[in-house]
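Okay, here we've got a single chain as structure tokens, the form predicted on its own, with questions on binding and movement later.
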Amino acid sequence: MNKKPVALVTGGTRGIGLGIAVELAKSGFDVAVNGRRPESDVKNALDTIHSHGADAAYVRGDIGDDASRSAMLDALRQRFGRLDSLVNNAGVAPDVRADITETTEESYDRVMGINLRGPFFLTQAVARWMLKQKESDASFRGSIINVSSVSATVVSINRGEYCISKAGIAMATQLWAARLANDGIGVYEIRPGVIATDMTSGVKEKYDKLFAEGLTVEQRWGTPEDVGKAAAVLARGDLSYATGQVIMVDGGLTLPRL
């Protein structure tokens, strides 16, 4: 069994997920990242994680698919023999931003399957594994970190299915926190604001203008590193007696202001 703690970051080969994976590597974790691309396409990401001292593994799979989730965890058991932290980061936006009067069932099902159903049942499977680790080692401490979005509470009527999926993640965080607290497994939610990634590159001009006009208290784009640092604090267990809590990484976007 691995001597170092092991973390799994879904959607961890780019953007926010890679930012989290790197900060976990810096914190002494070996890191497995998940994605749907061929492993040859994620070599640079793995090299980056490895450069910070971590054993970096890639477990390819679709978190929206039950068989794929099971295969991912089987691969982790074989590779590391343990799992100390799960970061549910993978998520998608609607393929087409449409007013909620035009949302299709197909788009709704796709977004909810990847953003909510997948993480819920991946968490269930990981929780069972962590509970077994706790039975074998009373000192075991685990963490589950859900990366949601300010969209859990901030309305965007042209991507309603996305907002609903993130609101669901918020409740799932509370449910798992309540269930696992007495077993030494902390469950947390990170809500990023506007983060500079390839997903937001198409709206750069729009948000540059909004930042200049005071959209946030900190007038800049958030970075994957910002989110990664918050995740590392939670995964290391630095924030004790706080399970179920929401960590806002949004530059003050959601602060009520007059």
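Everything quoted here is computed from the prediction, not taken from an experiment. Position 1 is the first residue in the sequence shown; the rest follow in order.
This protein has a second form, the form predicted in complex with a small molecule, left out of what is shown; the following refers to that one.
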- [ ] Please pick, from 205, 213, 47, 198, the one residue with any non-hydrogen atom lying within 4.5 angstroms of the small molecule in the predicted bound form.
- [x] 198
Task: Option touching the small molecule, based on a heavy atom within 4.5 Å in the predicted bound form, out of 55, 62, 41, 218 - done: 62
- [ ] Would you point out which of 24 to 32, 229 to 237, 189 to 197, 47 to 55 contains residues with a non-hydrogen atom within 4.5 Å of the small molecule in the predicted bound form?
- [x] 189 to 197
- [ ] Indicate whether residue 173 is a 4.5 Å heavy atom neighbour of the small molecule in the predicted bound form.
- [x] no
Task: Residue contact check: residue 131 to the small molecule in the predicted bound form, 4.5 Å heavy atom - done: no
Open item on the list: Even though the partner isn't displayed, in the predicted bound form is residue 92 close enough to the small molecule, meaning a heavy atom within 4.5 Å?
Closed with: yes
TODO: Answer with yes or no whether residue 162 is in contact with the small molecule in the predicted bound form, where contact means some heavy atom within 4.5 Å.
DONE: yes
Open item on the list: Check for me: heavy atom within 4.5 Å of the small molecule in the predicted bound form, for each of 13, 114 and 148, yes or no.
Closed with: yes
